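Coming up is one lone chain in structure tokens, specifically the form predicted on its own.
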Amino acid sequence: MNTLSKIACLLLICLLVACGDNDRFGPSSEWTIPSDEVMDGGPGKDGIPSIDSPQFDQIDDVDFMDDEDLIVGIVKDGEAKAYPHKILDWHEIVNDKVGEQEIALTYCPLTGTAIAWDRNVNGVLTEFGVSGKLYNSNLIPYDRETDSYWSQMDLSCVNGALLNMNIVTHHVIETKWQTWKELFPDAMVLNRATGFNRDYSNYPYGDYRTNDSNLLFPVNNDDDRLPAKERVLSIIGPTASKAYSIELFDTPKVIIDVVDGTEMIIIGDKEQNILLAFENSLDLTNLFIAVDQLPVVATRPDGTKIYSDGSIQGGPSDGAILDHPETFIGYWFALGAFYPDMEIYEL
């Protein structure tokens, strides 16, 4: 074999190896989800850059938000931070610290889901990045310590060294800018000094948020019990899950319900664009909504006041904090795809 033939042969081998890696979509061949349903989103690994050194402003210094714009908020150890959708749409992951907690705020604009992840994984502090892959149209982050792939809505590692490990999540509050300002007037807000050149005034997906027929990627279960892009709060239990549409809360309401054997308090108001769920571990009853008195979201006749982070002031449970179930808000089509047995609450 002459030198030219040897070079051609080596190039062919390299090409075949590269193709094999692309087909595999990750650091290992074993997946907990159907590998043939893992889609290439287009930009490639880190093509959508995570924000790893986030910068923040005081609320009074924010000039790029309208009252109806959505934000995702996190409250830890007395510190409140808000992450605007306008920025998350372009970056999808923010590696940050809130209070004493190291978190990664993961956000998928295609499924409308925002979930805060603990960055201490298997005893090691890591960052998360955007893999460029999707499952059921939903974000697949990867951790930069082991290069394992994780499914955002499945809340678990689906490929790599940490296969089958569940992610630890932290409570988020998703609401509109006007409501957030009333809830946490002293909060810090992620600003546009991200280090990247993006037009944060421009939504990058056209009419995607409002067009039910506009799904950019396929899902494996077409559940038409609700409109595809209807925003719903999902409560995910160990063996059962349940969905609460924002449309139920055309007037302010408190719903007491049972999900997977646990009594829940669901508080919502479509006008304020707020929808929250707490475990009713204190056996609170006779609640009524009070979102017109923010930052209080619900009260009882005995003086009990519930705040959006689950803390209680007044009444016999003064000083207590309600636990949060595993929950997140998202578009119905994605919840129906990931949780085909999900029950839908009806008044």
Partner chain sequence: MKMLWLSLFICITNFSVSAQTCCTAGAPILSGITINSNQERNFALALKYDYRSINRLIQNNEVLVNDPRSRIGMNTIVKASMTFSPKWSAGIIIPFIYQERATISERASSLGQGDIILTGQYLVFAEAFSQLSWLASVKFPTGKINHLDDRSIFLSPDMQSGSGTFDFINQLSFAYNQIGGSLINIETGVLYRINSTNENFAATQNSDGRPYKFGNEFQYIISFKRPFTINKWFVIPDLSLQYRMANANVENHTIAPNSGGQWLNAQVGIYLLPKEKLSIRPYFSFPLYQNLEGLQITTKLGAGIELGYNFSLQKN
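Since the model is a prediction, treat every value here as computed from it, not as a measurement. Positions refer to the first chain, counted from 1.
Only in words, not in the display: the form predicted in complex with the partner chain, which the text now covers.
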Quiz item: Can you check whether residue 290 is within 4.5 Å of the partner chain in the predicted bound form, heavy atom basis?
Solution: no
Exercise. State yes or no: in the predicted bound form, is some non-hydrogen atom of residue 106 no more than 4.5 angstroms from a non-hydrogen atom of the partner chain?
Key: no
Quiz item: Is residue 301 one of the residues lying within 4.5 Å of the partner chain in the predicted bound form, judged by heavy atom distances?
Solution: no
Quiz item: Quick one: is residue 198 in contact with the partner chain in the predicted bound form, heavy atoms, 4.5 Å cut-off?
Solution: yes
Quiz prompt | Partner-facing stretch of 302 to 310, 66 to 74, 46 to 54, 318 to 326, counted where any non-hydrogen atom is within 4.5 angstroms of the partner chain in the predicted bound form | solution = 46 to 54
Self-check item: Contact assignment for the partner chain in the predicted bound form, among 135, 83, 180, 142, heavy atom within 4.5 Å
Solution: 142
Practice problem: Could you work out which of 117, 249, 244, 90 is the residue within 4.5 angstroms of the partner chain in the predicted bound form, going by heavy atoms? | Solution: 90
Quiz item: Who in 193 to 214 is close to the partner chain in the predicted bound form, meaning a heavy atom within 4.5 Å?
Solution: 195, 196, 197, 198, 199, 202, 204, 205, 206, 213, 214
